[in-house]
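Given next, in structure tokens, is a single chain: the form predicted on its own.
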Amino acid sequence: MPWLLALSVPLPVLAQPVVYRLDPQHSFVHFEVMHFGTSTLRGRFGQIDGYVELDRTVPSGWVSLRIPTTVVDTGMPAFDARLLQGDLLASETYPLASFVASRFSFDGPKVSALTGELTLRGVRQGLELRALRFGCHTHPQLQREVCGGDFEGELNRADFGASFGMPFVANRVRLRVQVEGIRQ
């Protein structure tokens, strides 16, 4: 019964993916768009909600973000209200945008980019977010691992049906996403 002996040999423990819940106090989507060719208009959506799953041994990952379009801040309340209207964010009809990605690129143990799909105004388009920085540490108060980073990508707002104000307000929008996730 050599096969019975083989069953008694311990198998190596396989690493499991780790799930992180985004900390809404440290997770936001910022946007930048050229305004009349003179200055950059900036704002942010937040707080975003979501989960990230990382398996650094494979390496692979998965992310799901929910972005409230009803909460936008440019520092100009009148412009914030204008952005919510039907020809721009259409926040009443589409109160949430989302980003889902399952293609992660790594540079060693660090995430370097993720590619997925952004859904905005009911339209889904591909989007790559490049990591400007990424790191993990043990949070001194929570005594749990926290991972996060800053990511950057670009989109054309007309692809999502938000072309109001063009060409005075640019089509190209730069996204800057800051996230921190707490290990679950």
Partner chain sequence: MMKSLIAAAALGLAFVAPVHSATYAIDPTHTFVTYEVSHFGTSTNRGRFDKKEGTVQFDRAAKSGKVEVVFDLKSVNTGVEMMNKHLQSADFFDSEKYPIAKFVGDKFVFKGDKVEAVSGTLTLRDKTMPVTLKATNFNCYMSPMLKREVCGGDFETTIKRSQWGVNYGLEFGMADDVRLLIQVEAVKQ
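Positions refer to the first chain, counted from 1. Quick caveat, the model's predicted, so the values are computed rather than measured.
Below: the form predicted in complex with its partner chain, not depicted.
- Not one of Gly86, Gly116 and Arg124 comes within 4.5 Å of its partner chain in the model of the complex, counting any heavy atom.
- Heavy atoms within 4.5 Å of its partner chain in the model of the complex are found in one stretch of 116-124, 54-62, 40-48, 154-162, which is 40-48.
- Only one of His35, Arg130, Arg66, Arg144 lies close to its partner chain in the model of the complex, with a heavy atom inside 4.5 Å, and it is His35.
- In the model of the complex, none of the heavy atoms of Val100 sits within 4.5 Å of a heavy atom of its partner chain.
- Taking non-hydrogen atoms only, Gly108 never approaches its partner chain to within 4.5 angstroms in the model of the complex.
- At a distance threshold of 4.5 angstroms between non-hydrogen atoms, Gln16 is out of contact with its partner chain in the model of the complex.
- Its partner chain in the model of the complex comes within 4.5 Å of no heavy atom belonging to Leu96.
- For the partner-free chain shown, Arg133, Gly135, Cys136, His137, Pro140, Cys147 of 132-147 come within 4.5 angstroms of its partner chain in the model of the complex, judged by any non-hydrogen atom.
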